[in-house]
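A lone chain, given as structure tokens: the form predicted alone.
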């Protein structure tokens, strides 16, 4: 088993700075575990590490994917495990940080072995989604697989389509596959969670959106749209990207865009907290106690 240290938590809870301090203390390097921060054209909107943070400590698996490409939890685990092995062999501690709970689940507990996609069924479902909208298909998924539907956003096209496709191909819901068809994990380590209070986190999220806009998030969205004008591309499904794209395309006013961005970000943070707090292996820490992370990581029995 490859030893790793995992740090998760809701969006805007201070994971990046905490991970940087943790990596410096452990002689480690940072690996991304956020499904949105893989997109190369959206570094501001997805809150990827700043050039200063990257210069302080090596960061991996950030900003390597085009907006029109998708990434699965299985593919991410392959990439993260390969990088973690290289770092371990070099005497470095992989510090894996992000907010995608399914990534941590797959890394530490094993990846689900799911049947391959069926292009014909996928195309049929995509056509339905374009006509009926993501929320309608999310509602359909919720009736068939309420546990999985509760974990994903109603506008998460990629995961909704995949879950419905697997259901149609196999007759079994995604939750069944995640429970009964697992390949063993290759990594082991603690899962630390920054247990932020949502009420206190909300103004921080609002301030972060304003900071992103001040740093050029709108200009970034316009540039990304010039490179990928397909509004259904996977990279546009993330919170912030979706709202700004709607403004760029003229379907939202700027004020409504900002309001929805905050509303959806807060709702996402709430879902993240609910998911992470339910992990029995999670080691919960309030934001003001992240300075304890190095000592806790050193004390962990791998």
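Positions refer to the first chain, counted from 1. Nothing here was measured: the structure is a model prediction, and the numbers come from that model. What we label the rigid core is the largest C-alpha set whose atoms superpose within 1.5 Å from one form to the other.
One more form of this protein should be noted, the form predicted together with the RNA, which is absent from this view; the next part is about it.
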Within 4.5 Å of the RNA in the predicted complex, counting heavy atoms only, one of 223-231, 185-193, 104-112, 79-87 shows up; tell me which. 104-112
Even though the partner isn't displayed, in the predicted complex is residue 198 close enough to the RNA, meaning a heavy atom within 4.5 Å? yes
Under a 4.5 Å heavy atom criterion, is residue 268 part of the interface with the RNA in the predicted complex? yes
Can any non-hydrogen atom of residue 145 be found within 4.5 angstroms of the RNA in the predicted complex? no
Using 4.5 Å between non-hydrogen atoms, is residue 71 touching the RNA in the predicted complex? yes
Partner-free chain; cross-checking the RNA in the predicted complex, the single residue of 204, 128, 92, 153 with a heavy atom within 4.5 Å is 153
Hey, with the RNA in the predicted complex, do 45, 161 and 274 all fall inside the 4.5 Å heavy atom range? yes
Does any residue in 226-248 get within 4.5 Å of the RNA in the predicted complex, counting heavy atoms only, and if so which ones? 237, 238, 239
Residue 175 C-alpha shift between the shown form and the other one of 2 Å or more, rigid core reference: yes
With a threshold of 2 Å on the C-alpha, tell me if residue 114 counts as moved between the shown form and the other one once the core is superposed. yes
After fitting the core, residue 105 CA displacement of 2 Å or more between the shown form and the other one: no
